[in-house]
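Okay, so we've got the same protein chain twice, two forms, each given alone as C-alpha cells, structure 1 and structure 2.
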Structure 1
C-alpha cells in the first residue's frame, strides 16, 4: 500500500465514516481558541489534545477552549511539521496501543490554528495578546527551562537568552511569554495562566523561575507584576509517545488507511494530575479523567521513584546484557525480577502515597507499560544522558537507603553498570555510541579509570558522599568486580539473592 492509495484526512472527514478510524463527534466549526500551546510535538498531541477532544465530545459547552498550536523552533523538522499541520487543517491521527498489541485509531480536531514563529516572528506575541487565550501550556523539554543545575537560577547569560533580550522579536519560550504578558498588561488585559506539561518535578515552579527570571532582565516592575499575578500550576503528565520515523509512519498509516504526514502513536495508559490554579478559568478536564488536586508532588514522587527510576535502573544492565529494546528486556525473567526487586525492596518502602493511590497497582502498570510490544523504545535512548537522569531519579533513594542501613545492592549495581556502559560494547560484542554530552572529559576519564572508586568521584556522584559509606563502597566494588569477571547477568542475579 502506498500513500497514493490511502485516503486523505479531508476525504475521511468529508465521508463522515471510516471503519478503521474513529472520527470526532463534536462540531469543529463552532470551536474558538481559548488555549495556546508552545511545543506541539508528539507528546502534546497524544496527551493534552486527546484529553481536550474527549472533553469536547462529552461536553459541547466547552467549545471555547480550542488550541492554538505554536512552534518556536527554527529547524527543518519544525518547518516540515508546520507545513503538514496546515495542509491537514491541523487534523491528525492518534493510534493507541494496548499492552497486548491491540490498537484503536482516531482523528483529533481540537487544534484549530497553528503558528510557526520563525516564519512570522511578530505573529505569536500578537496572538497571545488576545484576551480570549486564558491558558498557555508548554512542552519544551526538561532542558528547555534554562535553569542552572548548580544554583537553581535562571541562566540569563545563556547565549540564546542574551540574543533574545537584544532582538526585535522574541525567539525563546521565555522571551515570547514575557513579551505577550507585557503587551497584555499594557492594554489592561488579564494575564494568561502558564501551564507546564513537561516531565520534571515542580514544573510550574520551574516555569515561574524561568519566566520571572527573563522578565527581571527586561523590566523589574513587569517581573514583579508577573510574579504576583500570573498562575503557574504544577502538573504531572504521563504517557509514552515515541518518535515517529518513516517506517513507523508507514506502518501506522497502513493500519489506519489514512495518509497522515504527522501521525501520533501512544500507549493506552495516560495520566494527568494538575493543581487547580486557573484564575481566569479552565476546561472541565475532570470530566475526562484529569485529576485536579493539590498533592501533585506526591504523584511526581511516585512516577519519579517508580516509573522513571525503573526505566533508568533497567537500561544499563539490559543494554549491556545485549538487549536492544525495552519491551524485550522487560519480558526477560531476570530483568523483570530486577525491576520488581528495585520497586518492591528499594522504592516502595520510601514512598508515602496519597490514601487513594495503590502502589501495587502502579507497580503492575509499570511492568505492563515496559512490556508493550507495539511501542519499541530503545534501551540506548533511555541510557543516554545518564549524567542527568541518574542523579534526578536515584540520588534521593540511594541516600535514604544508606541512611537507613538498608540493602543498596540494586543502586550500587546501577552505578557499576553506568561505569561499564562507558566501554561502548555489550557482553554479546555489539557496539553502541556512548552519548554523555553534559559530562566533562575529566569525568569521562574517571568513569573509564581502572579503579572503580574513581567513578564515585565523578561530578554526577561526588555530591552524594558515597565514598564515606564503607558498606556502600564494598557493595559497589563487589558489583563492579562481578560485572568485570562474570558478566552483567551474573551481577544482576547477585543483586537479587
Structure 2
C-alpha cells in the first residue's frame, strides 16, 4: 500500500535536499563494484553498508569499493526483498535510534547492484569471477556455516550441501564461493578475500573450515589451493538491527517521509573489529572507525559471552513471562537483575579482556542498549534459532562453570527455559511461533519429551557432557520443575537468591 503523503526514494534524491532524511554526499555514478556481500539482510544494510557510505563520503578515492549484493535464499520474502531493492535502485533508508529516543535517518547508496540467485542461477558465479571483486563478505547467520557443533566439522552430508554437490548451479553459500574461486583459478585471476560478518567464534576460521570443507568434496587440489591462497580474516561485528514488520515499516516511513519498501532500523551504537588480512586490498575502513587489530578473538569473546549471551539467556524467560520487546523486559526489575546476575556472576569472571577494554563499561553498555526505549527489538527475534545460538554463546561458559564447581543456576535455567519455549505459549497465555529450522524432528521430540533430561540429549546440548555432571542435572531439574509448577518468574527469582 502506498501512502500518498510519502515521497519515493527517487523523488527525494532528485530533489536533492530534505529535512527529515540525510542524502548521500558522494557521486553514486562514479562508484564501481569492488566487494560482493552474501546475505543482504537488515544487519548488513545497517552495519557494513553504513560504514561504506561513511567512507565514500569521507574519501572520494574509495569509489572502487561499491557493493554487489547477493541473496541466495529461495523464499517468498527474499524474492520480495530483491524486487524491492532493484525497484529502489538499491537505495534504502536507515534510521538510527539513540537510547534517549532521538533518531537520525539517511539514505544509503553504496550497494550498486543486487543479484537474487534463484531468479538467475548462473549469474552469481559469473559475476564473482570478475577480478574487480576483491572481497566477498558474508552475513548468513550463526546456523549458516553448517558446522557440526559436536565435532566442529563441516557438515558435508547435510541434505542441502549434498544436493549442492550434485546440482548444476550452486545454491548454498559454500557451493557458490567454491564455484567462484574455482572459476577464478581456472582463468588465472586472484582469489577474493572472504570476510565473515557473522556472530561466531573465530568467524573467519569458521568460514575457512566451511569453504575448504565443501571444496574437499569437489576437488582436493582446489581445496589445497583455497587453503593456501584465500584469506579469511576474523571479525567482530556489533549493532542491533530489529526485524521490520509492516507496522514498524509504516512508523519509520512516516518518520522519514520516504516510502521505502525495505527500510532499516538500528541502534545508534555500532562496532566493527577486523583482522587486517586482506592480501587483495581493502577499503580504508580505519578512516570511519573500523578497528583493524590482531586481537579480534578477545573482542569476539567479550561480545559473544556478554552481549549475545545476555540476549539469549534473557530472551526465553522474558518471552515466557509475557514480554514482547527486549527493552520492556530490560526495564523489569527481575529480568534486569537476571541479566546483571548472569554477567557479573557467570560471564565476567571467565573473560580476560584486552588491556584497553573495561568490562565494567561493557556491562553498562549492554544494559543501556537492551533498555533503548526507541528500539522495537523483539524477544522473538532473539529467541529464534536457539539451536544454533545457545551452543555458540553459552557452551563455553557453562562448561567452565561446571569444571570450576561454580553456580550453574542461570545456565541451567536457560536450557530449562529453552525447553519450555517449545510449548509455543507464554505464562500469560499468548501464543508465538517456534522457529527452529536447524533442529531435526527427532531433536524437537526430545525437547518436548515429558522427561526434562531428554532435552540435554538433543543435538545442541549432547556434546556438552551435561548429563555427566550430577550437580548440573539436579540444578536443571529443579529449574524445570519450578517453571512447570510455579511459572517462569518464580524460576528466574530462584536462580538469583
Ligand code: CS2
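Positions refer to the first chain, counted from 1. C-alpha atoms forming the largest set that superposes within 1.5 Å between two forms make up the rigid core. Note that the coordinates shown come from a computational prediction; the quantities given were computed from them, not determined experimentally.
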In this pair the form predicted alone turns out to be structure 1
Where C-alphas switch from fitting one rigid part better to fitting the other between structure 1 and structure 2, the hinge among 103, 298, 242, 423 is 298
Turn angle in degrees for the lesser rigid part against the greater between structure 1 and structure 2 comes out at 15
Superposed on the core, the Cα displacement of residue 489 between structure 1 and structure 2 in Å comes to 5.8
When only the core is superposed, residue 342 shows a C-alpha shift between structure 1 and structure 2 in angstrom of 3.8
